[in-house]
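Quick heads-up: it's one chain on its own, the form predicted on its own, in structure tokens.
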Amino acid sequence: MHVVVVGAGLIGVASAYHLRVRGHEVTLIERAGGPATGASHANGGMLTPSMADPWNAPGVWRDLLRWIGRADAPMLLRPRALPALAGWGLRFIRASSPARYHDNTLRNLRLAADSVAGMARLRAQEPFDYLADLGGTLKLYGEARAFEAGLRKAGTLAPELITVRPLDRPQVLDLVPALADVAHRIVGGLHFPKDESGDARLFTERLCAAAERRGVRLRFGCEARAIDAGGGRVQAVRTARERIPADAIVVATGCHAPFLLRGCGVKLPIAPVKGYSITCTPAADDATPAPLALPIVDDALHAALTPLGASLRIAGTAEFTGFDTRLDAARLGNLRGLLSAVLPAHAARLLSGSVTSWAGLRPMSADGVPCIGPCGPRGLFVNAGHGHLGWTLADGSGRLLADLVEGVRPALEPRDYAPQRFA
């Protein structure tokens, strides 16, 4: 069959690739001039089954209220975004009950574990370089209570899917000697050896090139305006210049997916949640060894430091501010402050090189679990709403989506990710 995939971020490219590997005729269309220009462009660079929990943890509404207007808040709710978030926000809060939060975490974790396992097979099929590192991630804690809570939370997850190594201060320093300058502020850490990292933009670009080599037709600078349907099934994607007939259509446009789906009578609670990053690249004549060999996660700030070759990316925080992608100096300052706090001996040198600032919109479903599967007229599918787990879930989401397009029974329970759960 001919499948049109709309959106060339991580999720759309993975969907197109896996559909093509299975022998389908695939056209991938993207309004931008190339792949990975949105949320996939300069994200945290981590694949983290260890962070499968949604952001609407029990009691999150109290945190959001007390953090309103605070530039240093891990999650910042801008008052101007409140009208647009009204319906989504109520669902977000309802999904934060302990039972629903736990169930949704496990749904994400099962997909994350499947996805990261699939990455190993993908690397064997397409041995391209994307600065991959398989050494895991390290979550740091500065307070004993938070460390104990983090360890308890990790212990409630499925042990067959996630591995955690609790580390005391000396063990943390053995793993990351560069933290010696801040040893007095470290109580312990959790090492998640099955996590991975790398450059998500580079990965998306190279997977897209691999998909094209396999026969996927790429159409950049091509914005989908509407989906034509008739007789109860999809017929074509309409752009500004043409009509592209299709047997099946996959909408993988992140937080913009609801706009395209609305014309087919599909309403999905997916909202943009703004994240920031700065990428520090030392000068070409700087031969100083990279201070980190694996990503360091600051759980309190929802931020991380990720080594990417010679560069270091500091990324994170969450801002509910609608579709505004403007750079906020205070929010970027938080990330610079995190770098100085974690690596005080290296911060000035890293910040004196090339520093690239970025902000992108994570597509967050109201319950923190992605929407993957059929919706609306026959032949219409969605693969969106992955929030902060886009790269973690990308390969597994692409394979799950391909199963559902083909009508094959997936290894995972498809009802866990079905868009109809919001009906």
Ligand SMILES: Cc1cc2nc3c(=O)[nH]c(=O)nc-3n(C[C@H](O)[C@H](O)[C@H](O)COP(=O)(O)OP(=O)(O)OC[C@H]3O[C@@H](n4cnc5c(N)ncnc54)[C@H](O)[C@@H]3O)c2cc1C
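All residue numbers refer to positions in the sequence shown, first residue = 1. Keep in mind that this is a model prediction, so the values were computed, not measured.
Although it is not shown, the form predicted in complex with the named molecule is what the next lines describe.
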{"property": "The named molecule in the model of the complex: contacting segment from 223-231, 162-170, 112-120, 72-80, heavy atom within 4.5 Å", "result": "223-231"}
{"property": "Triplet 10, 253 and 390 all within 4.5 Å of the named molecule in the model of the complex via a heavy atom", "result": "yes"}
{"property": "The named molecule: the contacting residue among 366, 46, 380, 52 in the model of the complex [heavy atom, 4.5 Å]", "result": "46"}
{"property": "Any non-hydrogen atom of residue 395 within 4.5 angstroms of the named molecule in the model of the complex", "result": "no"}
{"property": "Residue 40: touches the named molecule in the model of the complex, heavy atom cutoff 4.5 angstroms", "result": "yes"}
{"property": "Proximity of residue 276 to the named molecule in the model of the complex, heavy atoms at 4.5 Å", "result": "yes"}
{"property": "4.5 Å heavy atom contact, residue 26 and the named molecule in the model of the complex", "result": "no"}
{"property": "Contacts with the named molecule in the model of the complex, stretch 351-367 (heavy atom within 4.5 Å)", "result": "358, 360, 361, 362, 363"}
